[in-house]
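Starting off, we have a lone chain in the form predicted alone, written out as structure tokens.
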């Protein structure tokens, strides 16, 4: 029976192809606009490390000035001072902990014919790699002793390995950076989590860094720091004075597998805050935070208000398109009154007619959904052109989004067809037969 109704829908659409084309275009435009913005929002808010996002926590401690809060919401600062971060890291109270900050340096290739070039990097501790499940093409990260001994070791990404070593296994080789030689311990395979959850301070959708070195080396001033730095009171001159200052520029992540681990670590943080309060710091000892990955991304407002607003407007546009479709379907179905009357006279029940016309609405929705997918692909390409490389990985449709687009189009068409279908089923067969 279903195939019979589909055949009737095909004949009906063929007979009124102009009106059908208008409805397909209306639904297609609405689906195309809404799926373009839904895709960007969906991928912006995706979980970048779903298998352990509830075990990784971003540490926030309120070391901000006594008289004013860090932001209007009274929340704790988004980064830590060097002294607080290093104390928590050295305490080793979590299963794993990664202290980190951005850095930049100039690499001098071994080939003298190649000019030196600047790379963006991350100064982090050894646990960074197993905590965030960083995949390796060759070798591995360094160990905790390398952090403590300030060894000159380095992990590079696959692109830099291709540039410096032609893509070969470079573990054990040296990279000359900032005037010093660093021993390569590993080469990271393709890894580019979106959002870049471990550091949202310099762009949640930036590419992963080129190089990774021990955080302890950043205090040796072997290379330059990068990233955001905020201070609530002036610092004295000199780098050591900067390290001892109240400036926030360091990030700390901890891995806490169980709720008990989280509670214990939070108690440890609060005890440290109260101790600092006794020394004249930490005016707000109860304002510390431990946020897991998704909580942190929500707090950091990774999905911008502009993107959410665009999605809301596109859904309203889809609603307008569906209202137009309702009018067109109503005209189309009421125009078939004589045909409906004949079918009723031949024994078709209102239930049969209702299903038949809903299937016809669904077929129109399916066609509109396919057209909408094409328009969504064009819209995503336009977004790539407008916003550049940073959104390249976000402006893509995957299987889930394709299924969502088709499903949304069919459901929308079915909803739009409910009232016209109901009206069509109210046709009195005796009236229609007398009028013939």
Partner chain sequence: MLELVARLELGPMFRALMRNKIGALLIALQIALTLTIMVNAIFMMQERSQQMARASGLDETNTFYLSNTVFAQNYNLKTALQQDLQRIRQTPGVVDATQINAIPLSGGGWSMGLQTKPGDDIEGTGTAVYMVDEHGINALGVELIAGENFQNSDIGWREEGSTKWPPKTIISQALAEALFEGDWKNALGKTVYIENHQPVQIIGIMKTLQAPWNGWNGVERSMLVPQQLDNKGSRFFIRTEPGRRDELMPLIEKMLAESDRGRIIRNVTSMEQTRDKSYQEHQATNTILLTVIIVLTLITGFGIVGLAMFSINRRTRQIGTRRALGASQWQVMRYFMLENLLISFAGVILGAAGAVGLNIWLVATFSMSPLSPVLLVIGVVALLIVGQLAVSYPALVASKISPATATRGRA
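Positions refer to the first chain, counted from 1. Just so you know, these numbers come straight off a predicted model, no measurement behind them.
Another form exists, predicted together with the partner chain; not displayed. Remarks below refer to it.
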Listed residue that, although the partner chain is not shown, lies within 4.5 Å of it in the predicted complex (heavy atoms), from 286, 298, 305, 181 = 305
Residue among 271, 309, 259, 110 with a heavy atom within 4.5 Å of the partner chain in the predicted complex | 309
Pick the stretch from 100-108, 259-267, 343-351, 166-174 whose residues have a heavy atom within 4.5 Å of the partner chain in the predicted complex.
-> 100-108
Using a 4.5 Å heavy atom cut-off, state whether residue 326 contacts the partner chain in the predicted complex.
-> yes
Might residue 235 be said to contact the partner chain in the predicted complex, defining contact as any heavy atom within 4.5 Å?
-> yes
Does at least one non-hydrogen atom of residue 335 fall within 4.5 angstroms of the partner chain in the predicted complex?
-> yes
Do residue 400 and the partner chain share at least one heavy atom pair within 4.5 Å in the predicted complex?
-> no
Stretch 313-333 - residues with a heavy atom within 4.5 Å of the partner chain in the predicted complex = 313, 316, 317, 319, 320, 321, 323, 324, 326, 327, 328, 330, 331
